[in-house]
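First, one chain by itself in structure tokens, the form predicted on its own.
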């Protein structure tokens, strides 16, 4: 009786799948054994095309048309005028000399943010991975602590830090309690930029630490044993063994962090809104505001800016793929 109860669900499942056996066999005879896989891939390909390839094609059409109308039938063809407008500049190092000065301000801010944030991100991630790779007390607990912010929503992260950094927030309350002067952290340009870098590092460092930690653990232990027998110092072991063997992983981390930094939006938009003024305005926020928030809505300019940004991301992605291939071959 017990055996019958245990096998009953399996019999039901087998019978249910048996209903599809004859239709699938007939379909396989029609298409051939080698083409039947495309039948299963077709639904995914349709969905992927609908939500990926079609938007890309529409974005290209909008980038080459003008006006603030959203219907394509009401948008005149302007060719590359939107790109020319974005790239029209007397001096690319001085945004005020450009036709789209806010765009170039966003480009400069994004470039500065990427250099500072990625540099510090990789440095702190490497230091953290080196520490967590050692046999320290509560090592598993600290690994979880450093990775936990990655699990939080970017909006939640920004709201937490905004609550801490606002004019009457937790940080200023602590400073006031110690008799120290308070600071408008999100109103002063230099401080606002410092905090968007800090918050983005805090939120995402655990992910890159985990990758580097995996790279460190992949290094054979006998290499370190041989270096210890030879009496090599810790710095010599790090510079001559750890770093050279960690280079492929470091390249992947750098490229991934570059791609994420170029696309930074959520935390910064919620935390500072691009302010004060345009001090923390990055490229993705400029595209969003130009196309959707401001009036008139310049869909063509926003689409052209997004295509320029996509070109940069494509280059970074190709570098990542090449680095991953080199790591696999190595």
Partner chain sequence: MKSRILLSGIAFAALAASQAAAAELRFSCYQDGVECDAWAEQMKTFEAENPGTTVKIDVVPYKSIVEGLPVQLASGEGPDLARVTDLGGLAKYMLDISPYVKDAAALEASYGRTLAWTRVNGPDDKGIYSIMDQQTATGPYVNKTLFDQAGVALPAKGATYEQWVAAAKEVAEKTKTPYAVAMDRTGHRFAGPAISYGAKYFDAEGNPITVDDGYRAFAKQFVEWNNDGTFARDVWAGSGGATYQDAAKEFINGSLVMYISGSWQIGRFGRDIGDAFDWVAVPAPCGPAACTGIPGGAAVVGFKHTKSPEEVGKLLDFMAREEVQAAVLAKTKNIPANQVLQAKGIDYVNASDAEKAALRTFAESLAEFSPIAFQFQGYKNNRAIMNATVTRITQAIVGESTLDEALARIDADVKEALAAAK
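Since the structure is predicted, the reported quantities are computational estimates derived from the model, not experimental observations. Positions refer to the first chain, counted from 1.
This next part talks about the form predicted together with its partner chain, which is not shown.
- No residue in the set 53, 199 and 266 has a non-hydrogen atom no more than 4.5 Å from its partner chain in the predicted bound form.
- Here the chain stands by itself, but in the predicted bound form one stretch of 114-122, 68-76, 136-144, 222-230, 68-76, has heavy atoms within 4.5 Å of its partner chain.
- 98 is the sole member of 132, 98, 164, 259 with a non-hydrogen atom lying within 4.5 angstroms of its partner chain in the predicted bound form.
- Contact between residue 153 and its partner chain in the predicted bound form is not found at the 4.5 Å heavy atom cutoff.
- For the chain shown alone, residue 38 is not a contact residue for its partner chain in the predicted bound form, no non-hydrogen atom being within 4.5 angstroms.
- When contacts are judged by a 4.5 Å heavy atom cut-off, residue 186 counts as touching its partner chain in the predicted bound form.
- Proximity of residue 59 to its partner chain in the predicted bound form falls outside the 4.5 Å heavy atom cutoff.
- Residues 269, 272, 273, 274, 275, 276, 277, 278, 279, 288, 289, 292, 293, 294 of 268-294 are found to place at least one heavy atom within 4.5 Å of its partner chain in the predicted bound form.
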